[in-house]
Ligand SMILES: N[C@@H](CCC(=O)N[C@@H](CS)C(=O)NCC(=O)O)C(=O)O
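Just the one chain here, the form predicted alone, laid out as structure tokens.
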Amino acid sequence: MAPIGKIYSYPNNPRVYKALIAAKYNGLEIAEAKDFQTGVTNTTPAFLEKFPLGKVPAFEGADGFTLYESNAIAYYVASYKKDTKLLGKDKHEGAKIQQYVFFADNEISPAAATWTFPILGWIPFNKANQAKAVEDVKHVLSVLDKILLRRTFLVGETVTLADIIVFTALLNLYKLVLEPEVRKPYVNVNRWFLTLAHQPEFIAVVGEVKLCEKAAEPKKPEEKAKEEKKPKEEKKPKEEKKPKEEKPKKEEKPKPEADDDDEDEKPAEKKAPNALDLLPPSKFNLENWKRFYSNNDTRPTAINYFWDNFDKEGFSIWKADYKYNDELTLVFMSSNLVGGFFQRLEAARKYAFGTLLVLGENNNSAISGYFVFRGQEVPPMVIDAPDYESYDFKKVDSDDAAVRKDFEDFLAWDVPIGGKKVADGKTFK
């Protein structure tokens, strides 16, 4: 039969697999656009006229219908057949399927990306970020293992879009990092995953899935090595600290070193948060601002509210620029990088608001934005985040007209910034 449309994307994109597997179950054909070049094809006027964000995957139907966002494309393909079983048999199952669609995007994909993208060479490796991602993945697998204890499939008695989307979200984990000892505890998830992997419709798209035997390592471990080595050098070679202690008290090397370490570290952890809570009351309520920003038009309503209420004595504004823009590749990967940073700022949520944008296009982009912090310095909880060293934070003058305009543009996301279009972004609130 003739294809119902074609998909634009780079090769072997798991996001594309969602729609292609759904098509196999519905007996449909979807063509993959030939000669597609990331950063070239999707920047042409003809492509952007159909898909304004320039993102992939993007779908163009044989009837001229256009669609982007992988889950939307997968849903469209799943619903294309009138009597499909992919969307559940009733509204309850349909809602459950949507639950797992969001579950995959919010709980699996960010952690999977943080763990596997450095291996694929798509983002720099960061040891602390990876450690957090590993724990997040294990937690998700534990949840799924309980769900699948007495179930063959996630929803109903047959394969649905829920299974397809969660499977594709886990695919690179099973192929690259979930070595036998790591995946061993998740018996039910493993059974479910292999059941799907052996279905003809999955094989036709994904091919034979070879499970990981030994976890792959990042392709470029040197990237950001300085960030990873510094804490190690400070903790392990205690000889570096001993000479400082030996001069005044040679006989008490071990005890003063431990005592001094405690004295140096504990105030830094306990004092800073208390200092923010003990600042004089401010007329600017950060939580009220976050709600107002979320529920009102940015221009002019939210922006006017901000400047009418902002207290420059109790709060400060900081510009944040990513240091390694030359390493950024695809826009969605850069967006995932920002999302991971925000996830690790949870401890600072009470004291911070921020917006970081991905400006430009695939293979030619930059991450930049602004933060509003309680007090006049960057909060310790932000400094403690592993990603902090990847950004240049500079305090700005909120009375400067140019700064105000730039800050407003970053809040609104509605105009090019620094000559680059807003490709994507996230808000920390």
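Fair warning: this is a prediction, and the values are worked out from it, not measured in the lab. Position 1 is the first residue in the sequence shown; the rest follow in order.
Form predicted in complex with this ligand: not shown, discussed below.
This ligand in the predicted bound form is not approached by N362, whose heavy atoms all lie more than 4.5 angstroms from it. Although the partner is absent here, Y10 is a contact residue: one of its heavy atoms lies within 4.5 angstroms of this ligand in the predicted bound form.
Using a 4.5 Å cutoff between non-hydrogen atoms, F332 counts as a contact of this ligand in the predicted bound form.
Contact check for R374: every heavy atom lies farther than 4.5 Å from this ligand in the predicted bound form. Between this ligand and the residues E69, D397, E32, E29, the one pair within 4.5 Å by heavy atoms in the predicted bound form involves E69. Comparing 400-408, 50-58, 382-390, 366-374 against this ligand in the predicted bound form, the single stretch with non-hydrogen atoms within 4.5 angstroms of it is 50-58.
Relative to this form, F332 and T41 approach one another in the predicted bound form, with their C-alpha atoms ending up at least 3 Å closer. Between I73 and N336, the Cα distance is greater in the predicted bound form than in this structure, by no less than 3 angstroms.
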